[in-house]
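Single chain ahead, by itself, as structure tokens, in the form predicted on its own.
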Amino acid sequence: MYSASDLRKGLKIQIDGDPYIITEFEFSKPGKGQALYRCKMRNMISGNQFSQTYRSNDKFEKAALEERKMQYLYNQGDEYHFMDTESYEQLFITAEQLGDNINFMIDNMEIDVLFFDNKPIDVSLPIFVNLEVTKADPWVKGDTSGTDTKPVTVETGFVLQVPPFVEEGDKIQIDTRTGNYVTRVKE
């Protein structure tokens, strides 16, 4: 059990049977009375957000979450199939549940999958992934558009801006948190 004084950004708690993550947190102690804990929370299943204020004597249940290492196998339409690396059990997660993560997933990639009540609710990708550029238009020297970047498409179909020296066939490193180019990867 957590008390209100344990609340902080990123903490996962269970309210009315659903897991929530605290996205913003603020503590205030008025001159008289109890301390107040203002939280913005997001439901980890539905994605709904709300704000709530708690007093110092409020108690919270720890969210019963489990994280498992899984390997991404393939996708079939909107279903993305994964295999547990220990039990070899397979499951699928929908594209809607994965969100923007599908832009960075390649076959056989190891991913941490978060489970609540034995149902997958979220995935954690590595912070950096190396993907091959499959389409890159040549950059015209003297192009005065004002930017020194050009759009490229990587093997997953994701389009991003990169420096002009990146060419088709290059491997580039991408930050999965922002979707931005980091560096060109030497083979």
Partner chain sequence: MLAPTELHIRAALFRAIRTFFAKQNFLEVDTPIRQPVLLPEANIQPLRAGDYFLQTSPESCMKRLLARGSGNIYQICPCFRKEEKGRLHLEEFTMLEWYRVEASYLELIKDCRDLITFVVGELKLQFPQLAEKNNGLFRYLNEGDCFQQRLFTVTEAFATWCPLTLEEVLAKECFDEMLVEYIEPHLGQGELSFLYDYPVSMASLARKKHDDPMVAERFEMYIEGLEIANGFSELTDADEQRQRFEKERELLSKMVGEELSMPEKFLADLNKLPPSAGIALGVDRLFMLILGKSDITEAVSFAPDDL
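Positions refer to the first chain, counted from 1. Note that the structure is a prediction, hence the values are computed from the model and not measured.
Another form, the form predicted together with the partner chain, is not on view; read the next lines as being about it.
Chemist: Is Ser46 close enough to touch the partner chain in the predicted bound form, meaning at least one heavy atom pair within 4.5 Å?
Modeler: No, Ser46 stays farther than 4.5 Å from the partner chain in the predicted bound form.
Chemist: For Arg38, is any heavy atom within 4.5 Å of the partner chain in the predicted bound form, or not?
Modeler: Flag for Arg38 set to yes.
Chemist: Any of the heavy atoms of Asn118 lying within 4.5 Å of the partner chain in the predicted bound form?
Modeler: The answer is no: Asn118 has no heavy atom within 4.5 Å of the partner chain.
Chemist: Would Lys59 show up as a contact with the partner chain in the predicted bound form if we use heavy atoms at 4.5 Å?
Modeler: Because no heavy atom of Lys59 falls inside 4.5 Å of the partner chain in the predicted bound form, the answer is no.
Chemist: Since exactly one of Gly157, Pro151, Pro138, Gly33 fits, which has a heavy atom within 4.5 Å of the partner chain in the predicted bound form?
Modeler: Flagged contact: Gly33.
Chemist: Just to confirm, with a 4.5 Å cut-off on non-hydrogen atoms, which of Ser124, Thr134, Thr53, Asn130 contacts the partner chain in the predicted bound form?
Modeler: Of the listed residues, the single hit is Thr53.
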